[in-house]
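Let's start with one chain on its own, the form predicted on its own, as structure tokens.
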Amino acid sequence: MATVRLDQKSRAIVRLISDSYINALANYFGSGPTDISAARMQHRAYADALSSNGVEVTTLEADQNHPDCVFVEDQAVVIDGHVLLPVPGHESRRGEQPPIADFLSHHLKGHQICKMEPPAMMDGGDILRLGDLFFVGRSTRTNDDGISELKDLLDHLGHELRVVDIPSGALHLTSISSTPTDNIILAPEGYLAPEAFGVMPDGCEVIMIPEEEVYGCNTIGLPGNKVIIAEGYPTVKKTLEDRGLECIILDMEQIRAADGSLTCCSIFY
């Protein structure tokens, strides 16, 4: 989940892979999963990487009727304890949300929980946080009405929101960018220009990665100068290590096959 600062990454939700995962949506990074057993092993390693680095992980059961249910990031936006339940941008995914909403309602009692209504729509994967500055992707999954509702929440919390237009060859903002620390954005050449993010706050920078490593631009920064990255992206690894970060490398092949990235598989709360 890309809407929390490093110091807020203490608890996370993940969700098991369904038996129907082979039918997950795939139009960008992959042509569909081919090995559910391998996908489950990779997902288990992902959850283990979080828990072994200090994150309290709760695993929700899969929904066999929803092939994409493992990608929990899209189903809830959690910002400073406040929850926005979006209308997911693909109609087939809208039935995935209730168990996640119930869990967050129970564990975040006393905090504001808002539910988006059509025609607004948004995937959580279109939101990126850099410290206390937020970016939202205007994409095929996130429209202007959804962005307006997110802005209302961020205005209430005193945070700035900037809109980034997502190119047709990408699914979400976090599919092609991430914040491995609270002052770095990774983004790929050929998809976004540094100027897309506007003027960076003092001490912050946008680091451009070669286009062929676009998938590797999605990372999960953790406290203690650690960052989880996908296997197979040497420029991303070297770039982060040169900045003093310890890389935790995970095989994401069968997650990528369903257009999923590292941040897609968790919600920090």
Ligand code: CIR
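Because the structure is predicted, anything quoted here is derived from the model rather than measured. The first residue of the shown sequence is 1; numbering continues from there.
Another form exists, predicted together with citrulline; not displayed. Remarks below refer to it.
In the model of the complex, citrulline stays beyond 4.5 Å of every heavy atom belonging to M252. At the 4.5 Å threshold, heavy atoms of A258 reach citrulline in the model of the complex. Although the partner is absent here, P180 is not a contact residue: none of its heavy atoms lies within 4.5 angstroms of citrulline in the model of the complex.
Contact annotation: S175 falls within 4.5 Å of citrulline in the model of the complex, judged by heavy atom distances. Stretch-level contact analysis of 101-109, 154-162, 191-199, 69-77 against citrulline in the model of the complex, using heavy atoms and a 4.5 Å limit, identifies 69-77. Along 15-46, one residue reaches a heavy atom to within 4.5 Å of citrulline in the model of the complex: L25.
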